[in-house]
Each structure stands twice: as C-alpha cells, then as structure tokens.
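Starting off, we have a lone chain in the form predicted on its own, written out as structure tokens.
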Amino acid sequence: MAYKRISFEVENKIAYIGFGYNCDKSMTTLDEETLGELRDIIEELHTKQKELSGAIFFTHKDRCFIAGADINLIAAMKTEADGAYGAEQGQSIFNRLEDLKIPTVACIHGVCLGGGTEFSLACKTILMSDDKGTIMGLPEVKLGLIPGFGGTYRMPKKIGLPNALDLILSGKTVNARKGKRLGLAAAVYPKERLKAMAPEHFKGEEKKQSFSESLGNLAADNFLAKKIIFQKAREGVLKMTKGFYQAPLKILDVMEAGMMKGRTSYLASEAEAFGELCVSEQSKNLQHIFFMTEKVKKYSGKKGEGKVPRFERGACLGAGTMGGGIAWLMASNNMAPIMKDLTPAALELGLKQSSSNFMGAVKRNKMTFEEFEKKQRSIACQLDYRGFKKADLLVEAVVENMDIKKKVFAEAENYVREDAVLTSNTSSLSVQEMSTALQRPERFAGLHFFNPVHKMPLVEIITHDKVAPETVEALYNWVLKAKKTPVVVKDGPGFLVNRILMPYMNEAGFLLEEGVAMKDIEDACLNFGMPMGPCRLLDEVGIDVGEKVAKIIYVGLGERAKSSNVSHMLVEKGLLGRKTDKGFYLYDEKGKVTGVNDEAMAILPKPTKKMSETEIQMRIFLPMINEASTVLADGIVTTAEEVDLGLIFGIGFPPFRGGLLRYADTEGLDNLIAALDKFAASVDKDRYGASEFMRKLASEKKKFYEFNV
C-alpha cells in the first residue's frame, strides 16, 4: 500500500518506516492524516510480521522525528468525551505497535516530544542520534495536560518511577547523553549511522545498571516505597506550583491509582484524565499561550525594500550587571562581542556577570568547562572604540540619562560602519528623542532586555518614526536566534511592560500608606499567581530605579500614574533593595531573602487596616488592566495578544490565567468597569477612572481579544 505522509519500504526482510515524508513543514506532528496512516502501517506490519525480521522507524527531516500530537486537534476538542475519545484512538494505535512480535526500533534524530516520545516508548528499542538538536520528553504538563497516548504508563517501565515522575511532572527534555544514562535510549550513534545500526539491536539490549540504580529500582518496585515516592513527588509539585496548576496533580493521581492496574484499565484512566484536562479553562489558557508563542516565531511586521541586515559580531556600550548580561547573550550566540566602559571596575563587574551566567550552565550540565572558557574569553573588554568597525549590532547599556545616552550615541556612531545597527537598552526613556542624536536614525531602535538577561525571555523592540523596516526585522530575527521572545512596540512612556507594571508597584505603595500590612499585600499577589509580591519585585528592580522610572512615566501619563511616597522614603534612607542588601527585605551575600527589613518597616505607616485578599487583588490588578487598555488605545501594540505575551514573559504574569487581558475578558468588562467606578469614587478618581477605550469596548459588547488596530 502507498502512503502519502509516511514512507514504507521493505528491504532484506526489514521494514523501514519514515516520518516526515512528502511534507513541506519543518516539524512532523501527529495530525489526523498521519495518525491514520500510522494505524494502517502498523496493521500492515501485523499481517507481514511472519516474513519480517524487524521494523525500523526513522525521520526524513533534518531536525525532527515527531514533535508531538497536533495541538490544533487538542484545541478543537469541546467536551471531555471528545478528549477521552481522541486519547483512546492514539492509545489503540500505540498498543498495536507495542503488541507486534517482531523487533521494533525507533531511530530518534531531532525533536521527539509528547506523542513522538509516547510512540517511541511503544517500540521495543530506542536509539538516539548524538546531534545536539536531538531531544526527547513529555512536555504535556506545560499545556495543562497529561500525556494521553500511554506515556504515563510506559515511561516508568522504561526508566523507573522516580526518573519518570521527574520528566513527566516537569515536562523537561533530555538529550541523547542523558537519555542513554536514564535507560531511555539503548545506544547513541551519529545520525548518519542510526538506521544502519538499528538491526544490531533486534535482539534487544538489557541496560547495565549500577549497584545504586539496582537498589533504587528494587525499592521503587516495593508498594510502600512507591507510596513514599508519590508522597514526595506531590510535596515537590505543591511547593513548585503552589497548587495553582491542575495537571501535575492529576498526573500523580492517575499514576498512583494505576500502580496495580493492567494496561487496559490504566490507559482508560489516563484517557479519562486527558479528556477532563484538555477542555479545562486552565489548559485552554496554556494552549492559548502556546499558540501565541508559536505565532511570534516568525516576523510578520512591515517589510522594507532593502536588504535585511544579519548580525554576526556584537558590541556592548556599558558593562556592569546589565551590560555583562547582554555581552553574555552575544557570546552565547558566537558574536565575539566587545564590551566597552569607562573604568576597569565596571568592565570587571560585567565580566563577573557573564562568567556567573556561563558557570550556571556548566553546573546544570548544559555546557562543558572548555566551552565556558572559550565563550567567556570571546568577550573583549576595553576602554576605547578599537574594533567597533567589525560590529554589526551595538547595544547601549549606560546610565538611564537622556543627555548621556545622546552623547554616547553621537560619539559611537563615528566608530561603527554605516550599515551597523545601533540600539538602546533603555527601560523608560524616549527612543524617539534619542534618535535625534544620530546621523542615521533609520539604523537605530530600542532593544530593551529585562533583568536578569539570562533568565528573562522577553525583549522589547522599540520603534520610532524614522526607523527602517529592515532594522526592525533584523532585530526581530536576531532576538529569535538568541532564543528570546520579541515584541515590537511603539515609543511611549514605559513602553509596554513597564507602563503596565508600574500600577502593580504603585498601588502596593498606596496600600502601605493606608495602613495595610506588607505581608497581606505580598500574600494576596502571590496567591493570585504572581511570582513575586510588588515589594519584593521593587527590591529586585532597585527601589531607586523604580522611583526614577515612575517619575518618567508620570511626566508622560499624568495623574493616573502618580505614585506613593513610599519609594522616596526608602531611597532617602539608602534602602535600595537587593543590590544594597537592604530594601523592604534583607538579603545575604548570594541575594537570597533572609527576612523582613525592620528598618524599612519603621519608616512605613503602622499596619492598622485589615483588608480582604480579594479587595487587595482588585486594588492592584484593576489599574493594570485599565492601563493595558490605554496601551491598546494609544497603539503602543496592536493586539491583546501582544500585551499578554509581554506581561507573561516580561513580569511572569501567571500563565494559567492566560494573560492579563484574557483574564479581563474572562471576568467581563462590564464587571471590571463597575469595580473601577466603585474605587474611583472611594479611593482615587484618577488612578481608578476606567478608560474611555474600555468603556467603548464594553458598550459594543466586545472583548479585548476582539479588538485589532
């Protein structure tokens, strides 16, 4: 039988089945057509198995085996029954694969995730290529799902319960080296030899276990030991997720309840759980984020007629913590960056930051020590502009002062090529005004990284009225290449993220002034799902930096952006946050919180006002939603998706809520406006006055996600 999406050939009594055949997409997914063909192929193998010595599954793609089930199929499911039925269909196919009596070998090269890994687990042997792009994993939990094609049933049998729980509950991936160590892969070969070596494994291969591994597996086979493993796993999940996420807890329920079940009964429970989760609001929100992140992986903005620059060499003006982080990012992407500053001390601080970032990768086994040394040495530190003619991309990260930045750019432009792109890492100053200092403003834009650079995924690309489309596209492509998430925003006070973030910290200050306890404010925000309370976040940013940015935004936006006096009082006392080891909290030499700072508490008004958690949350998050509506009205970005992407990846707005404006749509604009009106009357008309744009959307019975400029 001829197949369209999967190749099928028999040679020397061996069946070779290739995924990604006759497909123009870079990634192979298990869509409806592919699953149908796979079912038919496995049935054909059943009919021919007496005349076959084995079956080998491989990929025709350069960097993908199977990227998983088609997320569009999952998103289209409307009921729990739909989801359970879909899981049962996949399970049925993989059960038939597992039940083949001939040897089956999955030759994994490239990305193999979700349904791809579940398929591989149903084969008798897994081989992995040594290519660094080869990874395996079950990331379904990140979409609020349980692996639904038998992954939770087969993974523990393959690598043991503790290791399986670690992979399934975290959704993390493993490379070939770790896959071999875990026993997931029987062997690792160069990609060119995978298919050729597969027949050597037709007899199967027992994993040689170390003494400690043998003891571990013996313990895990004990019923009581399994109960303890699940208890510890549950404690770890609750500590990590604070109970906000349903999927990991549901996964634990299914796996623990299935300890003594046979395959049929176990998989029925897995399918039922998949159906329940896939249509939940939380999973729909996480699927929504997945689609948003996929959408931004390709530039869709305005195109120019000229050549789009490519950035091979980089330079950073200004060292210190931020400059060192940017230099690290450039070095990570083989750009051999130059880092320039005015003093050796500043350069030393920058090198310390890049070294710390690289060493973190070494400790996590993501980089060898030799690679660390090579990349760290690729950063050239200097006090002058030597070699700047080689730079394709320059990022300025000097002090947040307009006059100084203008002076630096006017000077630097004389030392770079005419086709080089210059950018500013400003977090709040006008890029439009900055561009007036340059002779070639079309080659200039804002490139705002978030601190710390090595952890924060978002980068704001800030435009102005003279920037060339080719410049914006080149920066967008580079941000993607650097494995960051780009969002293009127009110039304006605070741009996108900081403009909406300011009410988060401002309103906390006003609540403190009203006599609400700091712990109550922090707890209310943490219980909403934020990664940090506003006071802790202000310490992280730097209380002096926050105060300075707040003033800039106030000048641009007026009375609704006025801030409390709390930050000013702390700055006057030299309490600047984590960087001085003292802010709202106290910090040790590693930057970890050691307790509340009594000195700061003595400055603040005494807590005299008890306020419910819900009211605190409304006081803080309503102004953020209101400001987000003005961001759309002002055209800083054009869609609610961009707002939500920026806040999820820029400040860690809780992903399970789908984003600030998706959350607002869920709550209902009429309800939000009524609450804003109440606080406008009782608290402050400027800070809580609902925007005209939000009122207009509500009057037209529209949602934020139905608006598009």
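In this text, all values refer to a predicted model and were calculated from it rather than measured experimentally. One rule holds for the numbers: they count along the sequence shown, beginning at 1.
Absent from the display: the form predicted in complex with a small molecule. The rest refers to it.
* Within 4.5 Å of the small molecule in the model of the complex: all of 108, 134 and 190, by heavy atom? -> Not one of the three qualifies.
* Choose from 81-89, 393-401, 465-473, 631-639 the stretch whose residues reach within 4.5 Å of the small molecule in the model of the complex, heavy atoms counted. => Going by heavy atoms within 4.5 Å, the stretch is 393-401.
* Does the 4.5 Å heavy atom contact test between residue 342 and the small molecule in the model of the complex come out positive? -> Contact with the small molecule, yes.
* Asked: Would residue 427 show up as a contact with the small molecule in the model of the complex if we use heavy atoms at 4.5 Å?
  -> Output for residue 427 is yes: heavy atoms within 4.5 Å of the small molecule.
* **4.5 Å heavy atom contact, residue 451 and the small molecule in the model of the complex** => Yes, residue 451 is a contact residue.
* Asked: Would residue 318 sit within 4.5 Å of the small molecule in the model of the complex, counting heavy atoms only?
  -> Although the small molecule is absent here, residue 318 would touch it in the model of the complex, with heavy atoms inside 4.5 Å.
* Asked: Within 4.5 Å of the small molecule in the model of the complex, heavy atoms considered, which of 143, 123, 322, 335?
  -> The residue from 143, 123, 322, 335 that makes the contact is 322.
* Note which of 443, 619, 375, 405 lies within 4.5 Å of the small molecule in the model of the complex, where distance is taken over heavy atoms; exactly one does. => That would be 405.
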